Ligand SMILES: C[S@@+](CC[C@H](N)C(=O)[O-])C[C@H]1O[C@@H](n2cnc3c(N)ncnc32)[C@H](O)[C@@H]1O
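The form predicted on its own is given below as one chain in structure tokens.
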Amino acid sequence: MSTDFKDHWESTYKRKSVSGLGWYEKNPAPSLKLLQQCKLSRDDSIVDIGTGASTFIDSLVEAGFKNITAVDISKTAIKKLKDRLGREKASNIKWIIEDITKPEIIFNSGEFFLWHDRAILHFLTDSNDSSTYLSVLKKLLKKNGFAIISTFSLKGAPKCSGLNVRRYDQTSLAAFLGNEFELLDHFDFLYTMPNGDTRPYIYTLFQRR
């Protein structure tokens, strides 16, 4: 991603309240449904890619997970999430402000049992960016680890937050990840935005062979 992307997300999170963002989830139920299938221990390492101000982090903390890493390109988004969690809960999370297509800090985090990405991959329309994303995923995800990846579905909108997106289904996501990954589950999900509009998503759960 370019500097323009970083500026875009900083501006977006500064201008709008978290609950007014077009991708805000009060309850990240689809991700939690797939998380349950992973049967992780509370000490297993989890990374949330493009965490933004996601309530998925809140859910992980409330469920007792102790080894959480949150990654986002926007320091404003991270600050808003920290403020919502409060100092005590936020202090137990590893925070990384970084562009996943220009990775450096994340490589110091060790390996993960779970990679969670709700709606970052679909913004990587440049093949070099998506290739970097995949290489980071393969480097950091443990053998037999899980990847929950959600994007706009083939029926979804061609843009989000004013940016072009690449839409997927379970077949194209499996092809993107390659033979190292087994598709365990997938489902379509119609997300309702805060303004009442809807966006079709695809949710997938993969396991590294």
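Computed from a prediction, not measured in an experiment: that's the story for all the values here. The first residue of the sequence shown is number 1, and the count goes up from there.
The protein also exists as the form predicted in complex with this ligand; that form is not presented, and the subsequent description refers to it.
If you check this ligand in the model of the complex, you find no heavy atom from any of Asp4, Ser11 and Trp95 within 4.5 Å.
In short, of 85-93, 72-80, 134-142, 104-112 it is 72-80 that has heavy atoms within 4.5 Å of this ligand in the model of the complex. None of the heavy atoms of Pro30 is located within 4.5 Å of this ligand in the model of the complex. When contacts are judged by a 4.5 Å heavy atom cut-off, Thr151 does not count as touching this ligand in the model of the complex.
With a 4.5 Å cutoff on heavy atoms, Gly156 does not count as touching this ligand in the model of the complex; it lies far away. With contact defined as any non-hydrogen atom lying within 4.5 angstroms of this ligand in the model of the complex, the contacting residues in 116-131 are Arg118, Ala119, Ile120, Phe123, Leu124, given in sequence order.
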